[in-house]
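Just one chain follows, in the form predicted alone, and it is written as structure tokens.
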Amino acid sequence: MDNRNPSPSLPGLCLIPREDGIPRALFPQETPETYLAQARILGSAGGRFLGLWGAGDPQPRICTAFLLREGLFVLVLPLPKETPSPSFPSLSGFIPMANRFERTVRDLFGFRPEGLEDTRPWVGHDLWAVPPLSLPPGSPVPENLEAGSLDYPFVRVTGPGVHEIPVGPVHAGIIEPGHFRFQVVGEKVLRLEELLGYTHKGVDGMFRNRDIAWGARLAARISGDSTVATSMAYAQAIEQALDFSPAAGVRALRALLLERERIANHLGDLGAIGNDAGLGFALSQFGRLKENLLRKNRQHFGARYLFDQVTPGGVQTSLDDEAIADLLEENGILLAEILALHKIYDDHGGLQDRFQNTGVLLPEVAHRLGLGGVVGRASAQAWDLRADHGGDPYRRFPPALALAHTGDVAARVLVRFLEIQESLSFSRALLEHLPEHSIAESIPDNSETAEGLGIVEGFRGEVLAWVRLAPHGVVEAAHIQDPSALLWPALEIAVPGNLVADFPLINKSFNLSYSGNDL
């Protein structure tokens, strides 16, 4: 039986429904002209640009992902193999968010985006003499030793009283490196520009010619606070490529792990945001709650941060009746504490004075940028894969969409409180109705080349994965997209007009990943 359904918005294009969530499909291969045309059609049909990446041998290509209400679509543009530096049409003229992705592809593969106005280096900081992914796997990358290659040409604002404040890339404490340039008059920010890439580690290159299990361990370590989300997205992509669907019990345990990861991160964020607004009590209380949850993770799943718990075909840990009872008790205690802390935040005049009208990202701007996740939902963007495309078990226990409309720090705090409450409610329903399950199954072998897509609603937003398998489970190429890559440009928009002293608070209300961005 063929379960493929045509998209109502895009006649003739078929989606593949799956029990693990959103329908997803690779488009037929495009020409440069149809690639541009299809990208425009997807945008006009309400599609959100999710990411763009390259792939090399045996067939160079550009892949571009869009999320519609009907499902996930990926445009595939083959590039001429015989051309050393093939070109492809830039989408940044009508999709500004494509800019950094196209610059990344150029830096890594040497593919040239035609029509791209911003041609500055991005991920490589102009340190490579040769694009690293244009070389065979394992080849050393020659360095670019030309003088001045490290002088990134930041945009500067000039005028009476304007001065510049550089921040980073080295920060105090254990914060990951990122460079921020503020153009300021007095204490007010006129413009913010970021330079990232300092934690680039060649992830796409490391996937090449590895086996599926090795790739799963790499996927879990792209951004440690999202290890379940990246592991699930990778597992979904592998399972789609192999036409395999995990059992209901496996899907339920994966969802439980994902919600525990969401709760832990929201707890940490709420404490950090409150502390940055001057309420040290918040850091201690939310830190206590997060630590208790992490200890329960260690007790029942073997890892505080749940590394390697989700694998292609299954999960690593099951729950017995005693563990389920303990987690249900934890759920009730945590819900009561969250409700009490939510009231304290709402009633605290000092916090609300710092939160409200700070770091505003207007709903119309968020819509134009196509934002999802906490940042998007705090600016009235009603996108959540669990609600929109929730496969089993989200279809059985659908969580309510957490939404706010003011787009400021207060809205991002509110969305986090609401999402914790929904995650606790969903987790309780899962624990009370956990299906009989085996924790892992053998995934089938593939005799031919196959491709697959995975997409998961992580705690920041949509985590996207694509894999291409050579015969017998060899990962020929793979790419995992953290939502931070789409949200960092939004931070640049939310900061201007605020005081310099408000930046740490606004930044924490976004809480974006450097490592997840700097693949």
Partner chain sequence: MWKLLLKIFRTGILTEKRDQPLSQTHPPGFGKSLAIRHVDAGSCNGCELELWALENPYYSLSSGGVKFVASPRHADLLLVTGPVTRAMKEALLRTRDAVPGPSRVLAVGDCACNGGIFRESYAVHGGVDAVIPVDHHLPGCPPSPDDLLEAIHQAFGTSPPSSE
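Quick caveat: nothing in here was measured; it's all calculated off a predicted structure. Numbering follows the first chain given and starts at 1.
There is also a form predicted together with its partner chain; it is not shown, and the following applies to it.
**Student:** Run the contact test on Y198, R221 and K290 with a 4.5 Å heavy atom cut-off to its partner chain in the model of the complex and return yes or no.
**Tutor:** Yes, the whole trio is in contact, each within 4.5 Å by some heavy atom.
**Student:** If contact means a heavy atom within 4.5 Å, which one of 424-432, 79-87, 337-345, 185-193 is the stretch that engages its partner chain in the model of the complex?
**Tutor:** Contact criterion met by 337-345 only.
**Student:** With the partner left out of view, is Y305 within 4.5 angstroms of its partner chain in the model of the complex by any non-hydrogen atom?
**Tutor:** So Y305 counts as contacting its partner chain.
**Student:** Find out whether any non-hydrogen atom of G202 is located within 4.5 angstroms of its partner chain in the model of the complex, and reply yes or no.
**Tutor:** G202: contacts its partner chain in the model of the complex.
**Student:** Decide whether R120 counts as a contact residue for its partner chain in the model of the complex under a heavy atom distance cut-off of 4.5 Å.
**Tutor:** Although its partner chain is absent here, R120 would stay clear of it in the model of the complex, with no heavy atoms inside 4.5 Å.
**Student:** At the 4.5 Å heavy atom threshold, is A387 in contact with its partner chain in the model of the complex?
**Tutor:** Result no; A387 lies far from its partner chain in the model of the complex.
**Student:** Among E329, E164, E176, E364, which has at least one heavy atom within 4.5 Å of its partner chain in the model of the complex?
**Tutor:** That would be E176.
**Student:** Could you spot which one of R396, R156, R295, H405 gets a heavy atom to within 4.5 Å of its partner chain in the model of the complex?
**Tutor:** Residue within 4.5 Å of the partner: R295.
**Student:** With its partner chain taken in the model of the complex, which residues across 99-116 come within 4.5 angstroms through any non-hydrogen atom?
**Tutor:** Just L108.
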